[in-house]
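Take a look at this single chain, the form predicted on its own, given in structure tokens.
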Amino acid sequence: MQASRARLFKEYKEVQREKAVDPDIQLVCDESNIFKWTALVKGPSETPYEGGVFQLAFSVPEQYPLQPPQVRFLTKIFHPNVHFKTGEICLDILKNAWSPAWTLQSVCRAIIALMAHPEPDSPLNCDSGNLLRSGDVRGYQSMARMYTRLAAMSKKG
């Protein structure tokens, strides 16, 4: 547990240094628990998520970095690889392709890449996956854009 705590402190310092370097990711450690983090990630440009800001919750195991963090979307998102109700994310690096070389920051980058390049063949959201698999890209983008507007964009007024 001491090694994981040291690693997380190191990542915390790096996040503080890199704030201006990566404006698409804002990673914050819980003040009372270094194993709990949240992130705000900007929706990638030229996707239905563009303009949205999505909140992620990280639960880091005591065996980190030997085991991956559990990450889920707190913001509702219409995406084939994200469970609509729980926010669970289907991403290989969070499961069987994890490596201790990954950091919380690089996990955020991988999630942004997944948002831009969905994998409809391993869906957690079958409605979203079915739209893409049947070739209805327009339908998928329309639904994704609608949920981005409803859940991930600030309400003006």
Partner chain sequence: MGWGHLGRHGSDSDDGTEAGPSTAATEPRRFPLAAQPEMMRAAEKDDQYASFVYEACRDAFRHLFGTRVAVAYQNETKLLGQMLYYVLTTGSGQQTLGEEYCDITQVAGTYGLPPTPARRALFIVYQTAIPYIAERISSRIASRGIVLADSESAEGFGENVHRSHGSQITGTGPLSSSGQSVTTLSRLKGRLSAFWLHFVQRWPTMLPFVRELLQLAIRANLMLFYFEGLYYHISKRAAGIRYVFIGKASNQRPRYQILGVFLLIQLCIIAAEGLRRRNFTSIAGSVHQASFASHDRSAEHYLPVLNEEGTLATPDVDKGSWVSDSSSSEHHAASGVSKCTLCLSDRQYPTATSCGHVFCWNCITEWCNEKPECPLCRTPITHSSLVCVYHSDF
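Bear in mind the structure is a predicted one, so any value in this text is a computation, not a measurement. Numbering follows the first chain given and starts at 1.
Just so it is clear, the following notes concern the form predicted together with its partner chain, a form of the same protein that is not shown.
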>> Only one of 113, 66, 126, 28 gets a heavy atom within 4.5 Å of its partner chain in the predicted bound form. Which one?
In response: 66
>> If the cut-off is 4.5 angstroms on heavy atoms, which of these, 149, 19, 10, 133, is the one near its partner chain in the predicted bound form?
In response: 10
>> Please determine whether residue 58 contacts its partner chain in the predicted bound form, using a 4.5 Å cut-off between heavy atoms.
In response: no
> in the predicted bound form, does residue 100 have a heavy atom within 4.5 Å of its partner chain?
Replying inline: yes
> Thinking of its partner chain in the predicted bound form, which stretch from 50-58, 114-122, 37-45, 89-97 has heavy atoms inside 4.5 Å of it?
Replying inline: 89-97
